[in-house]
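Encoded as structure tokens, the following chain is the form predicted alone, with no partner shown.
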């Protein structure tokens, strides 16, 4: 059997010697994220499969090219799930790309992000050296910071080969209820309800409707639904909304528009992010669809559309830039891995 990990090591080692830029991809579902990059393609699409899975211990280790949809199907057989509820992008998204792009669903305020569920990962650095960080149990924290460092690095700090993830039991029941209200009133309601002991796993406002997702045990979900009131969505409509939300299909920029993302304190007033088109994460994530190439206010990142040769993730202070450059050099001294994907200087 061909050792795919060894093939990847050989490719990166050769690129290190020849200083050849490498472009990492698999499902290619996140091509719109980050800056434009180029280079010899490192194809992770065939680097798939489950390395180990302990349903009783709620831990799984899979290779980076494994698709989220396949992983969800496997876990569903054991009534288990990924805590961070990542987008599957029509079944093409992979777990490695999801970690590298740090992508989660609407439940992040309640169940945490990708880094909160990662136990460890395998990595090939810019020298072509294969390494393992972390472990497969939460008490093993050796190298845990390196594991977390890969979340959102967009492949600039190494080629992720496999990941170990802690799992959670699947929900027994779920309802989505909606309320007609303005964004300002919805934000107040989200802040109020978030402080109550309710089985909420999603609160988002879009086009005059506040969507509240309730998931948990049968009695808890039913009780919370009766307490909140509102109009209950049918199962199909609810599933489509939350899927479209996490896959970014609710707001699509035209040729002259840019979709901007803001992330901050959930109790920030609605006026703090003007012209908000969509509120997610109970107020902590807000989206703006605008024409023009300049961000309408500070603290925004360019999510989709516009010139991807610009600094799409916003300005970085000189001390932060110096620190990130030192980290990049430690992992990738020749700067061959997804060069410039995060910033032009990385």
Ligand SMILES: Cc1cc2nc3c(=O)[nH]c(=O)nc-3n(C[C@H](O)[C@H](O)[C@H](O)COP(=O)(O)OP(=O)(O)OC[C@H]3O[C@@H](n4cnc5c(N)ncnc54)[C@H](O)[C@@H]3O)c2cc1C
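Here the structure is a predicted model, which means the values were calculated and not measured. Numbering follows the first chain given and starts at 1.
Another form exists, predicted together with the ligand; not displayed. Remarks below refer to it.
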Site status for the ligand placed as in the predicted bound form, C-alpha superposition, 2.4 Å backbone or C-beta test: blocked
Which of 49-57, 300-308, 316-324, 277-285 sits within 4.5 Å of the ligand in the predicted bound form, heavy atom basis: 300-308
Contact label in the predicted bound form: residue 13 to the ligand, heavy atom within 4.5 Å: no
Heavy atom of residue 165 within 4.5 Å of the ligand in the predicted bound form: no
Touches the ligand in the predicted bound form: residue 154 (any heavy atom, 4.5 Å): yes
Contact test in the predicted bound form: residue 248 vs the ligand, heavy atoms, 4.5 Å: yes
Residues 27, 159 and 341 all lining the ligand in the predicted bound form, heavy atom within 4.5 Å: yes
Heavy atom within 4.5 Å of the ligand in the predicted bound form - the one residue of 84, 262, 133, 89 that qualifies: 89
Residue (of 204, 215, 147, 103) lying close to the ligand in the predicted bound form, criterion heavy atoms within 4.5 Å: 103
Sequence-ordered residues of 70-99 touching the ligand in the predicted bound form, heavy atom within 4.5 Å: 89, 92, 93, 94, 96, 97, 98
